[in-house]
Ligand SMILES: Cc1cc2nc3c(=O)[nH]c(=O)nc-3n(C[C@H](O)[C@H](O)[C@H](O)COP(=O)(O)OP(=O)(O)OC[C@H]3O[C@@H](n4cnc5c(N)ncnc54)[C@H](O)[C@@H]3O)c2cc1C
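So this first bit is one chain, no partners, the form predicted alone, shown in structure tokens.
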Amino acid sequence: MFTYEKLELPRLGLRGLEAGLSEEEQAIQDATHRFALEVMRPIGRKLDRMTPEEVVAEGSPLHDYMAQMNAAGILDLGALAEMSNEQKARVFPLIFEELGWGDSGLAIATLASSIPAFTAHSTGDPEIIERFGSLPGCWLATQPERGSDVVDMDASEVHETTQQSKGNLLARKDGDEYVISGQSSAWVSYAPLAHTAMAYLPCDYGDGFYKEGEQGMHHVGILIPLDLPGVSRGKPLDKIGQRPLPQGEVFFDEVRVPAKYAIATGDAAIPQMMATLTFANMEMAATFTGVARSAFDLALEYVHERKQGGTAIINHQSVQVRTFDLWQRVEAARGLTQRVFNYNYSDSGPHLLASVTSKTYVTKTAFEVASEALQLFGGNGLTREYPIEKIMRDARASMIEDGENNILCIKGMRWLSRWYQDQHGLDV
């Protein structure tokens, strides 16, 4: 039981019902929040109103943002890698939520551009670290004629009478090189400005793309310098949301990549891809908890300012109920996100099931919160004068990127079903 000496106002932090941060965690949160407020938000709003070509052009505010992010050291890969798993489970969601609160497109640009460098450092190979460890890059997994099927690299969802689609971007082993041909999809994040790529591709090692007697294919995970002969880019993608995040297609015309740059071959490539997706989906949940929070913050401010019926609309009971519902959804999203970080950095994890659970729920929740927050703004919410319309557009994109939510849910349920069958000795 609890006892009160007197009823006081709740003590809330930036993340609502914060149970208490250490001095170090508070400093990290404060620094990240200040960066999100003073750097990300103004730059994000400028970029949102620019054309895709202007966003990637020399002198664009995007380059200023990336320089300031690097100087701030918020995502210092070396320092973060040295943290214990317990520290990562607490600090990572704290950082990503603040970045998402600032601007989701810029937050994802930061993370997406660091994937090749992070992968290079994880190999421990000095030559690979030297070549890829300090350059901005992109995560190249999705491609035409394959799309969200890349989430199903193990082919567990392929119809029983068919085979997995090869897609349009393929690799083949040729001596001490891999030869890559075809094109990526148009929504590879940070591709227009990337110097390198971390790619997961169907691969012919000499006996064809498909595994003998199976529906799935052979794959390779490989780091690719994008200054090699035969590499070209398409136009930056014009899209409704996350416009500060440049996306685009990359073309490969018989591009020869040294075999030593392959970080996962054969049967090891699929688990490596799933490991990357596991982290990416977990990060998306934290980022879009921040997006949901930003929508709630704007709504909370607006309902105390907007007057109708002779009083601030917060004094209308229906508005109180609707606004409190937004608060509840943000807290639920944050709670699930933290639970998944705890699981993935525990002895039980990591697992894609956990990350898919949070990514799909939180991104859907972020869009719902943004949409309902916009409704509270009425006609004002539809204008570009108020940032809530941008946040709703940004949130909408999240339900497709890093794996379309329905496809991810199918994979999540497949893992859950497998676990249930294993527990009960079933084979259905």
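A residue's number is simply how far along the shown sequence it sits, counting from 1. Every value quoted in this text rests on a predicted model; they were computed, and no experiment measured them.
Beyond the structure shown, there is the form predicted together with the named molecule, which is absent from this document and is the topic of what follows.
Want to guess which of 143-151, 259-267, 83-91, 202-210 is within 4.5 Å of the named molecule in the predicted bound form, heavy atoms only?
Careful reading of the contacts points to 143-151.
Is Y343 one of the residues lying within 4.5 Å of the named molecule in the predicted bound form, judged by heavy atom distances?
Although the named molecule is absent here, Y343 would stay clear of it in the predicted bound form, with no heavy atoms inside 4.5 Å.
Is there a heavy atom of W187 no more than 4.5 Å from a heavy atom of the named molecule in the predicted bound form?
Heavy-atom contact with the named molecule at 4.5 Å: present for W187.
Evaluate E401 for contact with the named molecule in the predicted bound form, applying a 4.5 angstroms cut-off between non-hydrogen atoms, and reply yes or no.
Output for E401 is yes: heavy atoms within 4.5 Å of the named molecule.
Does the named molecule get within 4.5 angstroms of any non-hydrogen atom of S358 in the predicted bound form?
The answer is no: S358 has no heavy atom within 4.5 Å of the named molecule.
Could you work out which of W101, W139, F252, Y178 is the residue within 4.5 angstroms of the named molecule in the predicted bound form, going by heavy atoms?
Going through each option in turn, the one that passes is W139.
Scan Q242, T196, N281, T337 and let me know which has any heavy atom within 4.5 Å of the named molecule in the predicted bound form.
Selected option: Q242.
Verify the flagged residues S114, D297 and I391 against the named molecule in the predicted bound form: is each one within 4.5 Å by a non-hydrogen atom?
Result no, not one residue of the spot touches the named molecule.
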